[in-house]
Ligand SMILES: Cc1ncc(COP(=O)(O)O)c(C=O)c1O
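Quick heads-up: it's one chain on its own, the form predicted alone, in structure tokens.
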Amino acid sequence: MFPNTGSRSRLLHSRATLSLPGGNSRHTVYFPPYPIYAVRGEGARVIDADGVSRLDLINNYSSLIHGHNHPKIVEAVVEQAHKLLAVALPTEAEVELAEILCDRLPSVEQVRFANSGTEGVMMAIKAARAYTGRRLIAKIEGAYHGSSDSAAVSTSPAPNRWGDARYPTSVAEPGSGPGTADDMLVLSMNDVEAGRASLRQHGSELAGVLIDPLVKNLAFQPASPEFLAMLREETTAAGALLIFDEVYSLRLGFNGAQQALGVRADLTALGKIIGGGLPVGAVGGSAEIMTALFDPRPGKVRLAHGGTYNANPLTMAAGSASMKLFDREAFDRLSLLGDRLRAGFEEIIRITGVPATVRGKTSMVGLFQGRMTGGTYRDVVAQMKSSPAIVERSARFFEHMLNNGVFFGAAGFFVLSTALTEADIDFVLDKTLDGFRMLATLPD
């Protein structure tokens, strides 16, 4: 049972705190009183240091689109490892994955690889500034786009620094360089008219607008069609670039979020599933933009982009294998599993009467304690403040699921893999029903 002070995970965490601050290199993997330590994965399951097997319903926060150790991905990695681990030369593996992505994503004619979604977004921001010669990037208040200085602005600002609700203040994260906040314009999610006014006011200095069309940190809040249309209209009118962050939301459509939503971006940041479970990031766009910025053949490149492990052969091989496996049939099947899970969660809420909210699309599912209203960062914060029991109820449900064979994102995030079956989804729903019946006995 979790927690257990005598467990191997607890002992490993105590040991880890001596050499790692807080015991880890990644804040999202920690949960109190200690995280579970993994030792291996098998398809849809992850096995911890105490030998406990659980269904993995977070899949390394989306990167494991085929679950753990898919045989064809492992085979591709092993085959590549026998040839090259890393090299200061390009490889055919890089070309192959680039061709797959350019063929799959209508707005991506050329692509450059990096090592994380953070780097992909960072390079997209730099590309927009370099291409337009302007400094200002707009983003959504509360949206997470990685940890680079610009992208991290107003990801989780404190209420005393918010400013006007419709025209939020730009708030830099601790440790950011001077001027970081001044180079970012912050918009309120789905406020079409205020967003239009802000973009027009700053049009002459606007380099680009960065948007994730399904914002995880806003409880999978989707961007409205009207908001997306406004962003496309205003960036075009201003001569700025529209940047889609599809590190997560590539899952929204077989041909990516843009195809599913009917919007064509100028630049697209990628990561997670395109690496087959290995570290990856990318930025892509039209041949006109990408060549103008990155092509070194004229003799002087406009925007320098290097990295020891960019397009490393192991990731490229794994990514190609993964994307080939994620064909239209696999996409459709996985989306249906997401529909099944969301519908089951809704039914459980109806049966138990526990206040909760179901969100998400395709293979991304959210189950959040409390009845959520609104869809902005400030709405989320306000709900947490008005219902302090949400944190405790979320923790109790998370612990219940851990102790009944299901691992997911503690706040309520479920990101599915093709390794899951309908029987797995039904198992999750069965344990969720038990958990919600337990929650129904708790005070509000």
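Quick note: we count residues from 1 along the sequence shown, nothing fancier. Note that the coordinates shown come from a computational prediction; the quantities given were computed from them, not determined experimentally.
From this point on, the text means the form predicted together with this ligand, which you will not see here.
Proximity of Val247 to this ligand in the predicted bound form falls within the 4.5 Å heavy atom cutoff. The closest heavy atom approach of Phe326 to this ligand in the predicted bound form falls outside 4.5 Å. A residue is said to contact a partner when one of its heavy atoms sits within 4.5 Å of a partner heavy atom; Gly146 meets this definition for this ligand in the predicted bound form.
Interface residue remark: Ser116 is counted as part of the site for this ligand in the predicted bound form, having a heavy atom within 4.5 Å. Stretch-level contact check against this ligand in the predicted bound form with heavy atoms at 4.5 Å: of 292-300, 351-359, 247-255, 331-339, the positive one is 247-255. Note on contacts: among Ile140, Ala265, Ile274, Val121, the single residue with a heavy atom within 4.5 Å of this ligand in the predicted bound form is Val121. Contacts to this ligand in the predicted bound form (heavy atom within 4.5 Å) from stretch 210-224: Asp212 only.
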